[in-house]
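Just one chain follows, in the form predicted on its own, and it is written as structure tokens.
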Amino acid sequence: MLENANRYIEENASETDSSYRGEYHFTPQIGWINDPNGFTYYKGEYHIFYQYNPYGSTNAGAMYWGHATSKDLIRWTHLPVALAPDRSYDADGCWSGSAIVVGERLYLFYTGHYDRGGTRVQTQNMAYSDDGIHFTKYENNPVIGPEQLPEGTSAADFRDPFVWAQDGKYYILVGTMETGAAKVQLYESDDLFSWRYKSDFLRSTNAGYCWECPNFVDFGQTQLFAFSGVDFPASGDAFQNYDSAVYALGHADLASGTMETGPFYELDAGLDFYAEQILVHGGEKIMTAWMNMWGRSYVTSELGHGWSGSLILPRLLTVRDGKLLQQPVPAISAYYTDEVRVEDTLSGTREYEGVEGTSVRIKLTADMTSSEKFTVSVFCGGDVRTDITYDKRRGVVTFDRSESGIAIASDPREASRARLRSAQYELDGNVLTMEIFLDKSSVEVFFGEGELTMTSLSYNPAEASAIRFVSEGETVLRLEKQTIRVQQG
């Protein structure tokens, strides 16, 4: 199956349409991707694996694990497919998971998905490699199966192992559910091969149907727990997508297998962010995620472009004063070119010479002392545009793609209707700071020092490259714009 998949990719990848393929975001050569998996650093390179259907641009069919490497998290080189659904325990998909390096060996932990004849079972499995390219599935898989589930836990929704080492032991979190509650379970091991159930690490009622893609990261004085919640309930402006990426800060006690957390917050307040995965390397915490959402229409697939899905621009995570901050990885700045700087007192609507493009970075400060509302409209052309608006009176930032070139449909249960998201955001001294990354069909916005982010897709004609600035009242505007060019491997 691996040989067939890799041959198919090699023979057909050149037939895809790259009209909406990002310049600097990771996308597949051909086919469908969703969750990033196995995000790790091994033998001098970053490795990213991902849920992959090489044969079609939808998620129909059993998932493989695609694979790519990078020296800097920006320029990626595609490698052969790493895992195929070729065993009885993963016959209907090698679903999401994570990775760990021990000595010179790279270990992958993933969910084996079996769903046929009215029986659905998800188990946790391991594969390993000594060269980072060719992987062998452990002969005694599954390493965590139904017999290791406490009574009441769903064997049908038991997935996405997140593995790490701490204090001489190995730990895995697995997202799951029971009747009336979503939860994540903790397993421990002395050798990576034999695992025992430790505890229900965190559990909550009225917090979604299942907690997928769990992550655990130690920041020293506090620990972060993150997950992607299916049908996570909306709360004001937050969690307006049907599925949401969620985090909480708190304190974990691995000896007892428990964690006390503060409130749940949204990892990203945009329309297209899910299935986060966090890597700890060299003291840095780096996050990636799927830049899309379930229950949507998938534009490049519907247009017959032969591919669908991308990952976010990787982000550095820090915690300061009890807040999670997200910043784009600094390596992206090596690909900036064609810089333009503007200083202006803006009233009304204006475009600036040289401030345009569809694969660009814009960093701006807007002093709104004498204005009430400020908008940056991107992907503008003809009747299309995508708006990022700050309303000072309400203390709300809004991302609105209602006037984009191609409408994206959503799950009818979704409060955002896949069009518009808002978030509460208070200014510091009337000054709004934004860093915006556009990339052919995507928008990522970082506010302030990264205390709020909004990630969304937006599909528009190629000529919709204007960037427009609108102020109600006078806004003192300072901005810089760079084009971003990356030759992917």
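It should be emphasised that the depicted structure is a prediction, and the values quoted were computed from it without experimental measurement. Residues carry their position along the shown sequence, with the first being 1.
Just so you know, the form predicted together with a small molecule exists too; it's not on screen, but the next bit is about it.
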163, 275, 184, 82 - the one with a heavy atom within 4.5 Å of the small molecule in the model of the complex: 275
Residue (of 193, 197, 352, 294) lying close to the small molecule in the model of the complex, criterion heavy atoms within 4.5 Å: 294
Partner contact for residue 401 in the model of the complex: the small molecule, 4.5 angstroms, heavy atom: no
Contact flag, residue 212 vs the small molecule in the model of the complex, heavy atom cut 4.5 Å: yes
Partner proximity in the model of the complex: residue 95 to the small molecule, non-hydrogen atom cutoff 4.5 Å: yes
Contact flag, residue 159 vs the small molecule in the model of the complex, heavy atom cut 4.5 Å: yes
Partner-facing stretch of 431 to 439, 418 to 426, 31 to 39, 454 to 462, counted where any non-hydrogen atom is within 4.5 angstroms of the small molecule in the model of the complex: 31 to 39
